[in-house]
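Here you get one chain, nothing else, as structure tokens; it is the form predicted on its own.
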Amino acid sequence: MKRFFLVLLLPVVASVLFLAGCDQVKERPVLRIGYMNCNSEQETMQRFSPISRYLSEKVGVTFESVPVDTHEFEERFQAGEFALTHTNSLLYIVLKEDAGLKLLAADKRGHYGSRTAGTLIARKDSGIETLEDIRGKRLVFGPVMAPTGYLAQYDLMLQAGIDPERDLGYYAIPSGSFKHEKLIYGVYFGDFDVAAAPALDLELMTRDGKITADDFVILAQSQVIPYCTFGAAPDLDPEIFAKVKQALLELTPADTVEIDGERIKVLKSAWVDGFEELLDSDYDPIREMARRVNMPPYQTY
């Protein structure tokens, strides 16, 4: 008789455990990661969705990927849309100063690792050999909020006594995707005399055979500054913050996730070599540049 009742009881226990498991799944937190758009929303999702999946598996939280345009980021972050952010280093400073964003880790990519630099370049056969030679010339900048495609170069010129608003022939900012490559090609094909080119893009385009080092002369280069950065909302659960940080720092080129039945290498998909822990003070050189150039979050007019 006892055995009979035990047999009857087992399905009941199994059902209770199953329902408890379902409740746990339902109660699993869902948080959003805002990823700054670089070239397009589609590319942003393809690059970074594997990181969100990886973090979901490691942290025990369901992270959703959201592509965000640069000019919308601050308003949407302050509205509480994102628990985590992935932006360039200047936007990290803006969000920290204005909304209390907390530093998680910086991307590592290329020769300088978690840092990069801005350069001013000209074609080697252009006759432009020094920074002083750019007076009266045509210059192409990257997006205004690009630390090494606009800010660093604008600051380099000001430091050299060159006012871009008065001393250049004219300057332009390209629209559309792949803006940094457009800067370099704009000089290469003669549409502009000088370009505000990120050192990383020069490195990558040379590596990929799109250009050669002999094509250009580097007129000036900024100091190296932090590259793209993960941040967290100030009210994020400290336990989740710690787990996310650990997961990012431990991520290796061999780590994979499965998306739509395909096994994907997380770092390769994101175009990064890994992540590194930085101090907020490492971003001070960018703050100093932004103050000299009168840019957010320190603009006075």
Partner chain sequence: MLKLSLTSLLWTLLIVATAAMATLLLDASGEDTQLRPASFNKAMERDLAFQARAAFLQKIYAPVEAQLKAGNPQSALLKLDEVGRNYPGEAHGFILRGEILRGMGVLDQAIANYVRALKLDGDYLEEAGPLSRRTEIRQLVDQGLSELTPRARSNPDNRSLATTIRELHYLQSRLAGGCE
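Positions refer to the first chain, counted from 1. Everything numeric here is computed off the predicted structure, so don't read it as measured data.
Absent from the display: the form predicted in complex with the partner chain. The rest refers to it.
The chain is drawn here without the partner chain; in the predicted complex, the stretch among 37-45, 52-60, 263-271, 246-254 whose residues come within 4.5 Å of it by any heavy atom is 246-254. D208 belongs to the set of residues with a heavy atom inside 4.5 Å of the partner chain in the predicted complex. Residue contact with the partner chain in the predicted complex: A172 places no heavy atom within 4.5 Å of it.
Contact between T130 and the partner chain in the predicted complex is not found at the 4.5 Å heavy atom cutoff.
Remark: L139 does not count among the residues lining the partner chain in the predicted complex, judged by a heavy atom distance of 4.5 Å or less.
Only one of D163, D214, D191, E97 lies close to the partner chain in the predicted complex, with a heavy atom inside 4.5 Å, and it is D214. This chain lacks the partner; the member of L168, M145, V224, L158 within 4.5 angstroms of the partner chain in the predicted complex by a non-hydrogen atom is V224. Heavy atoms of every residue among H111, L202 and L279 are located within 4.5 Å of the partner chain in the predicted complex.
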